[in-house]
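What follows is one chain in C-alpha cells, specifically the form predicted on its own.
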C-alpha cells in the first residue's frame, strides 16, 4: 500500500491551522504562564541553590521550563483535537478519507510537534531577554525537542482516543502528565534528592527527556545524555506502537 502523502499533509495542515487560529490560547498563553515560573523561581532561588558546581539557577531552570511547556502543549494539541472531533461527530469524516492509520497518526503527532516547538521557541526568546544562558549542542537540543514533543503527541493520541469527555482528559493530564512532569527535575537536580527519591526519579521517563534536553544547553546533566537518548527513543517507539494499535482497532472511534 502506497503512502498517501497528500492526505497526510492535508490532515497535518488542518491541525496546524486549527491551533494557529486561536494563537493567543494555544501559543501566547502557555508561553507567558511558563515565564511566570522563571520570574518567581528564578528570583527566589537564584542565590540560594547551587547547581552543577557554579551554574546559575536560572540557566539551569530555563531548559526544564522550555521542555515542560513543549511537552504539555504537544499533549494538549493531539488529545484535545481527537476528543473534540469525537464529541462533534466529525471524526467519521476523517476515518472515511483514503488515509491509513499510520498516516492519521503521523499527521496528528507532527502537528503536536510543531505546536510544542513553537511554544518552546517562544519561551526561549522571552527567556533570552531576561537571562543569559549557554547553548552547548544545538543538535542535541533539536533532537530532544522533537522526540519529546513526539512522545507527548503520541500520548495525547492515546488519551484522546480513550477519553469520552473533557473530564476524562483533564484527569489524564492532572494525574499522569503533571506528576510525571513536575517530578522529573524541571525545578531541581535529582542529585540533591535523598537516594530513595533519586531511585524513584530514575523510573520516570519524562526525567530523561528533560535531563537530555538540559545537557544540550549546559553540557552537563544528572545522567549520561546517551542514556537519555535511548530512553527517549524507546519511550517514543512504545507509545507510537500503542497509539497506532488503538487507531487500527477502532477503539472508541467507530461507535
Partner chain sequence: MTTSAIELLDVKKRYKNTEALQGVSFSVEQGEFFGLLGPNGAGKSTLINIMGGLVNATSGVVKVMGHDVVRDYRMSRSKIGVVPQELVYDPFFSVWEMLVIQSGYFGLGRENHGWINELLETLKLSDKRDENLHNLSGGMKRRVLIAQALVHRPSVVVLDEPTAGVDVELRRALWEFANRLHSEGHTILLTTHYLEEAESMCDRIAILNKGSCIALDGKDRLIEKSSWRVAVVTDKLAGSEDLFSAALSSAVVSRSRNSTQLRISRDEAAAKNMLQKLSSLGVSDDKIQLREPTLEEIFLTMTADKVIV
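Positions refer to the first chain, counted from 1. Please read all numbers here as calculations on a predicted model, not as lab measurements.
Only in words, not in the display: the form predicted in complex with the partner chain, which the text now covers.
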Exercise for the section: Could you work out which of 95, 171, 178, 130 is the residue within 4.5 angstroms of the partner chain in the model of the complex, going by heavy atoms? Expected result: 95
Practice task
Have a look at 96-104, 155-163, 132-140, 111-119 and name the one stretch with heavy atoms inside 4.5 Å of the partner chain in the model of the complex.
Solution key: 96-104
Practice task
Please check if residue 238 has a heavy atom lying within 4.5 Å of any heavy atom of the partner chain in the model of the complex.
Solution key: no
Practice task
May I ask you to state whether residue 242 is within 4.5 Å of the partner chain in the model of the complex, using heavy atom distances?
Solution key: no
Practice task
Considering only heavy atoms, tell me if residue 22 and the partner chain come within 4.5 Å of each other in the model of the complex.
Solution key: yes
Exercise for the section: With heavy atoms only and a cut-off of 4.5 Å, decide whether residue 11 touches the partner chain in the model of the complex. Expected result: yes
Problem - Heavy atom contacts to the partner chain in the model of the complex at 4.5 Å, residues of 3-22 in sequence order - result: 3, 4, 6, 7, 10, 11, 14, 17, 18, 21, 22
